[in-house]
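In structure tokens, one chain follows: the form predicted on its own.
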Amino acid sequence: MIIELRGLYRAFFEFVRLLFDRRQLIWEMARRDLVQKYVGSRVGLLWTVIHPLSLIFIFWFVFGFGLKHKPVANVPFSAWLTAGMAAWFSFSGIVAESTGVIVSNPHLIKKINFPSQILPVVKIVSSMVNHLVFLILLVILLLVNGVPITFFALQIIYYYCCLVFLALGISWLTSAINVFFRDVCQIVQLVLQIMFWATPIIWDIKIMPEKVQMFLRLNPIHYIIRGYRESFIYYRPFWLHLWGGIYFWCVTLFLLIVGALVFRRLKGHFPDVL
């Protein structure tokens, strides 16, 4: 047991050193990944603003105007909704794109010295632009509606780190398995669709019975979404949910370890399959 823990510690520090040594490669690949999404488009990077803005408008129109959803915590529903969507679409985007990242880059995987474990990290870095746009739109919505931005907003750094580590662990696991079972991409898309509607993003968890709320809080994404809203809307410190935070990090560290071990074990077989 002690030997296994030492191996995990050593692997962790090796990965941190790898990220530092290959930081320029990661930034360059992330930049290319972002540019390639809009290559040939006349609008270009403006789509990073158009996409989230259109999503916010559609959900606001359906649930806020069409279904006449009432304000939540004395905050317009559109702002409350955007806070949850900012976290969810960043997480789901990272996981969905990272799942197929090994299969879509066989020319890199077959290079002897290429560290394939950084590919999900590249997706995380390239997704930061879209996430930043979501946060800017959220701040604008809050200020327009007279909702102040306080120092609690700085907690978003902590909650974004939570999002990144959770997404990274899942991405290592799904991207490695997807090399051998190509249906994993479709399964991940299906699970993400189910989780979107099962997670309190467009509805408030308080509408559910207490027993159901306890079950829904087992979803680690709920911790992040609640944190985003508490940072911008409810003004509550993250340490207020001590046990929730402990549970979240236990789940996240478990997924990180399992994802890293599975990726490491299967990595050597990638070139043979691709």
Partner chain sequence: MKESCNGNVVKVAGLSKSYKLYDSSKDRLKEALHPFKKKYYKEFYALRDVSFELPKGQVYGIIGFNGSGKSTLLKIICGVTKPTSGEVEVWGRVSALLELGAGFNPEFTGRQNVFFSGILAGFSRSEMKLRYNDIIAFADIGDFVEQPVKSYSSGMVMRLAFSVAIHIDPDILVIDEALAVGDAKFRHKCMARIRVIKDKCTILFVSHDMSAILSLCDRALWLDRGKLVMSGEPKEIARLYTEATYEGTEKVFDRQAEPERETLTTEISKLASESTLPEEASVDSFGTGKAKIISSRLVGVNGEIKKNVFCGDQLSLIFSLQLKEGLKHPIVGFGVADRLGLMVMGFHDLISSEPELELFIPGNVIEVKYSFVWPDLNSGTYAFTVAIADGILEDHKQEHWIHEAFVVNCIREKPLHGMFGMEYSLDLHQTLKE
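Here the structure is a predicted model, which is why all the values come from computation and not from measurement. Numbering follows the first chain given and starts at 1.
Another form exists, predicted in complex with its partner chain; not displayed. Remarks below refer to it.
**Student:** Is the gap between Met128 and its partner chain in the model of the complex 4.5 Å or less for some heavy atom pair?
**Tutor:** Judged by the heavy-atom cut-off of 4.5 Å, Met128 is well away from its partner chain in the model of the complex.
**Student:** Determine whether any heavy atom of Ser54 comes within 4.5 Å of a heavy atom of its partner chain in the model of the complex, and answer yes or no.
**Tutor:** Close contact is absent here: in the model of the complex, Ser54 is far from its partner chain, nothing within 4.5 Å, heavy atoms only.
**Student:** Does its partner chain get within 4.5 angstroms of any non-hydrogen atom of Arg32 in the model of the complex?
**Tutor:** Because a heavy atom of Arg32 falls inside 4.5 Å of its partner chain in the model of the complex, the answer is yes.
**Student:** Under a 4.5 Å heavy atom criterion, is Phe180 part of the interface with its partner chain in the model of the complex?
**Tutor:** Phe180 belongs to the contact set for its partner chain.
**Student:** Would you point out which of 24-32, 216-224, 236-244, 201-209 contains residues with a non-hydrogen atom within 4.5 Å of its partner chain in the model of the complex?
**Tutor:** Within 4.5 Å of the partner lies stretch 24-32.
**Student:** Which pick from Leu266, Ile257, Leu18, Val251 sits with a heavy atom within 4.5 Å of its partner chain in the model of the complex?
**Tutor:** So the residue touching its partner chain in the model of the complex, by this definition, is Leu266.
**Student:** Please pick, from Leu137, Leu108, Val191, Val147, the one residue with any non-hydrogen atom lying within 4.5 angstroms of its partner chain in the model of the complex.
**Tutor:** By the 4.5 Å criterion, the partner-contacting residue is Leu108.
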